[in-house]
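Next up is one chain by itself, shown in structure tokens, the form predicted alone.
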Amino acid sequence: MKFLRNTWYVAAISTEVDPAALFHRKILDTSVLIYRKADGTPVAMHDRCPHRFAPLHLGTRVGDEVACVYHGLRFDCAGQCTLNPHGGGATPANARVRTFPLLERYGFIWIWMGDAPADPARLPDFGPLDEGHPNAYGATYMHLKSNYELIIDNVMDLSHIDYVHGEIITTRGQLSPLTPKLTETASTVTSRSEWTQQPALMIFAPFLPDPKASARHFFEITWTAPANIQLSVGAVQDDRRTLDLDNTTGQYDLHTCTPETLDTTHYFFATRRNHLVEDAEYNLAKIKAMHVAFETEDGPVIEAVHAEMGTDDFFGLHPVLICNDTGPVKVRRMLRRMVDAEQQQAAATPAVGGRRQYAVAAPTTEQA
């Protein structure tokens, strides 16, 4: 078991799953079908018919149920076979499809892939993404041919900005010399940097009082398990103001990764800015620019690193570590401890029918 499983991963951007289609995506080496019931509630199940293993997304919707394309067996939202059109119509007791709990928050559909009871309280609070004018929010998706931890490394350590990216987010060489200030809790790692540059980051300069003048900046980057990185960044030209999103021109971003396999990753990005908030065209241009930057700048480097490593054992390659690696290394080690603890718990928990039988928590209204 290479992944943390009893946790929430993003399965899709909410808008990717429309009211009628059968959406599918591989998550943690498992094919998953996602669709919406008539009332709009999303449901997820293993994208595999238990009869001859045909992908269920190739089938058809019948109300809130799904009919397999191969032999017409029909399954409800709980994964139970409700129709066998063959012979006398009897349905075998094991004609069931595994289902997965979902939560829909912050513009994403989140999925719980583990055997332990899904806990909505385990989803971090990214509430600022929901606050403000709808035209100030945007989200996008990219597929990368790399291990997901390499993407976490990339966002936790932004000292690569002046080397990988272009003029739009250059720090004029001011970020690299800094050693980020790190803080930890039992389940988070936060990295913070503050600096001054002239002119300001070009994503903010046009919205400051003097676009050509010097400005103070900050990055605050917080990792939460399994692969969520919340990044706040802002700039201000008033020395009396605090460096936070309430007092700067800035944006609140969420970078989150969902492993498809050990070698491929679903990468999701969401952002909300506090300036020019009603401009829909600017919003589309901003998301497009971010998408292009990652696909043409970060992405190729990360994929090349993954291909050159030839393994997901980062520390086994004995990397040279420098001051800016402290944050990513702390995240890697904390995540590994979480995975090891989950494995130990799974080893001590009896399995029935191939699944671990954890104690069942009291149901909540938010669980699927």
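We number the residues from 1 along the sequence you see. In this text the structure is predicted, and so the values were computed from the model without any measurement.
Same protein, other form: the form predicted together with a further copy of the same chain, not shown, and the subject of what follows.
Among the residues 270, 73, 189, 102, the one placing a heavy atom within 4.5 Å of a further copy of the same chain in the predicted bound form is 73. Checking 38, 322, 62, 341 for any heavy atom within 4.5 Å of a further copy of the same chain in the predicted bound form turns up a single hit: 322.
Residue contact with a further copy of the same chain in the predicted bound form: residue 85 places a heavy atom within 4.5 Å of it. In the predicted bound form, a further copy of the same chain sits within 4.5 Å of a heavy atom of residue 302. Proximity of residue 291 to a further copy of the same chain in the predicted bound form: non-hydrogen atoms within 4.5 Å are absent; the residue sits far from the partner. At least one heavy atom of residue 159 is located within 4.5 Å of a further copy of the same chain in the predicted bound form. Shown without its partner, the chain has 153, 154, 157, 159, 160, 163, 164 in segment 151 to 173 as residues with a non-hydrogen atom within 4.5 angstroms of a further copy of the same chain in the predicted bound form.
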